[in-house]
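Given as structure tokens, the chain that follows is alone and in the form predicted alone.
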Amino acid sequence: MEVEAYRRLFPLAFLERHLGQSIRPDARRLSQVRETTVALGAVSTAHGSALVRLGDTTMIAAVKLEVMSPTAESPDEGSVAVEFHMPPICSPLVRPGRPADAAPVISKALEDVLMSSGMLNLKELCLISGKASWLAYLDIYCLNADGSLFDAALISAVAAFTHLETPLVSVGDDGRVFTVGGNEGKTKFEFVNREKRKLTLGDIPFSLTCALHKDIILADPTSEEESIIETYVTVVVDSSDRIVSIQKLGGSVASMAAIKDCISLAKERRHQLRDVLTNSVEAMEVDQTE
């Protein structure tokens, strides 16, 4: 029987034959993650954006800022709205006209992590206390879904906020607060903020998803591995190695030893992703000076 036919007909047996040799179908070691790249400024019409590739999984994230009236409960804070999109082009499993089941789940998980990690200081999104603040719309589009979607979505969100610059804002004669593009009317308006600025990010969250099969842990599973293995653990740690969240999806009960191993792998992965993000910022700064 041809290898590809055996792979399609007996996916579990095919995977286990590889795992028995401590290797995976894509030739990675069990704990090895796929190559990750980050390109900042992928969407010119957004205030902050990034294109992320995690192996073949591809995400594009964009942040758009709009002026809003703050809530009475938090008059000196802005807010963030997160939406994760899975268009039909990302996977043959996503059908046109039918939203993917995973999209709202990932949207909620992303928003929870971004808010609970302390990466964003909502007070920095305040323009005029009690009158105007920023509402940051974060939209993440999955262009190719080949496993570890949450991990790729989170690093794309972090990268987009890293790239974000708040636009100039002015107050009109009628008291209305509005954005001013480019160098438009620098002598015409009274500015709320004199210059574009980047947000001061706190502890940045990074994540790693692991697939658990019997007593084996596979870091950064592909969509093929995810379709075979039922148990997953996603660990989120921040830039100080504190645990932000641990989420287990499906399958049997995971042992405490396996959870600890996943946490250790997530901490190692945090260092790798920090370097990838730092390199992308440096590459963008070089491009801007040339």
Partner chain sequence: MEYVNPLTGFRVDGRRPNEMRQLKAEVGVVARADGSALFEMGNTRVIAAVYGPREIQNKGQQVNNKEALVRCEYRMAEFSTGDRRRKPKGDRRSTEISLVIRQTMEASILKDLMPCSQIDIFVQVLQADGGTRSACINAATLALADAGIPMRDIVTSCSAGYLCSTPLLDLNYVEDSAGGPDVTVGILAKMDKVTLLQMDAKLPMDTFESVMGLAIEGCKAIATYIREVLLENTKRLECQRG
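Residue numbers count along the first chain shown, from 1. All values derive from a computational prediction rather than experimental measurement.
One more form of this protein should be noted, the form predicted in complex with its partner chain, which is absent from this view; the next part is about it.
When contacts are judged by a 4.5 Å heavy atom cut-off, residue 105 does not count as touching its partner chain in the predicted bound form. Taking non-hydrogen atoms only, residue 77 never approaches its partner chain to within 4.5 angstroms in the predicted bound form. Contact check for residue 91: a non-hydrogen atom falls within 4.5 Å of its partner chain in the predicted bound form. The shortest heavy atom separation between residue 111 and its partner chain in the predicted bound form exceeds 4.5 Å. Look at 261 to 269, 24 to 32, 237 to 245, 62 to 70: in the predicted bound form, residues with non-hydrogen atoms within 4.5 angstroms of its partner chain sit in 62 to 70. With the partner omitted here, the residue from 212, 145, 155, 164 that has a non-hydrogen atom within 4.5 angstroms of its partner chain in the predicted bound form is 145.
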